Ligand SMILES: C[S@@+](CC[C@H](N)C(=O)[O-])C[C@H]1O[C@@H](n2cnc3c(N)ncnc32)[C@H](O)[C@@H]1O
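First comes one chain, alone, set out as structure tokens in the form predicted on its own.
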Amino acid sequence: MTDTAVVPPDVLTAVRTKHRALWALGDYPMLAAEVIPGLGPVLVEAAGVRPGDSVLDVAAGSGNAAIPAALAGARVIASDLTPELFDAGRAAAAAVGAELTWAEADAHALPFDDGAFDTVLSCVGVMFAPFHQTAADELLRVTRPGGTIALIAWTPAGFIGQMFATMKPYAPAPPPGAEPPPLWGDEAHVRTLFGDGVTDVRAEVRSLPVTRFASGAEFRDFFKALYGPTIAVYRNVADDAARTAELDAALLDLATRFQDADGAMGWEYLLLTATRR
């Protein structure tokens, strides 16, 4: 287990720089809008967001959960390490008449007061903060006692979890003490992270229907072009044609195994809500 005290400041600084650049690669807002738009409303509903609530969306990207929360009448701050994503979020919010605030923030060190929010959300976002205990402690800190923490994360066994497992042999080495993102999709892991800081934990594994890709090759090429982590892995092996070809084949095989005869896939995720003690 990692905690704030043992993550050196220079490591956190390096991670911030690397991850901000990583998520600015490609076009994550397009991917979020075309492939996973349904996840944000699911999370907002599960969190029970109400008019007038103060809501923080952590690692909000372009507002997949923050915008539905604002439409529910909440006072919302969408925070993310990569402000390059905010322009697309502002445009999406304006298109539906949602008003919210956008703030640059690292999930490992949120620039908000203790207990500042009624509800803290993260939709496949905080899972990518590599120091899990540090990030979990921050989620707890900024949620008021009796407030709600609500998360969606890809599971280790599901499609995206398996995609990261497939890419791992081709990826750069993670920083010391980092933990894999899909662990946030494991209920036992998240319960351990929050410990006795929460009560009333409710967790459910669900599946997101994905029909965007007609073939495994279309999925692979879409993610190669638009998804920051996949782009970064390909760049890591760009000078090795054989390794690049192996990665191409591995992602094609993965997608093909998960698709049915019509090309549809189910992407498994954990939906977890808890009350701040």
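Sequential numbering from 1, following the sequence displayed. What you see is a predicted model; the values in this text were computed from it and never measured.
Not pictured, yet referred to below: the form predicted in complex with this ligand.
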query: Residue among I67, V55, V44, A59 with a heavy atom within 4.5 Å of this ligand in the predicted bound form; finding: A59
query: In the predicted bound form, the residue from W102, F194, F128, F159 that sits within 4.5 Å of this ligand by heavy atoms; finding: F128
query: Within 4.5 Å of this ligand in the predicted bound form, all of V205, M265 and E268 (non-hydrogen atom); finding: no
query: Any non-hydrogen atom of D106 within 4.5 angstroms of this ligand in the predicted bound form; finding: yes
query: Contact flag, V124 vs this ligand in the predicted bound form, heavy atom cut 4.5 Å; finding: yes
query: Non-hydrogen atom contact T155 with this ligand in the predicted bound form at 4.5 angstroms; finding: no
query: Non-hydrogen atom contact L81 with this ligand in the predicted bound form at 4.5 angstroms; finding: yes
query: Which of 128-136, 184-192, 197-205, 88-96 sits within 4.5 Å of this ligand in the predicted bound form, heavy atom basis; finding: 128-136
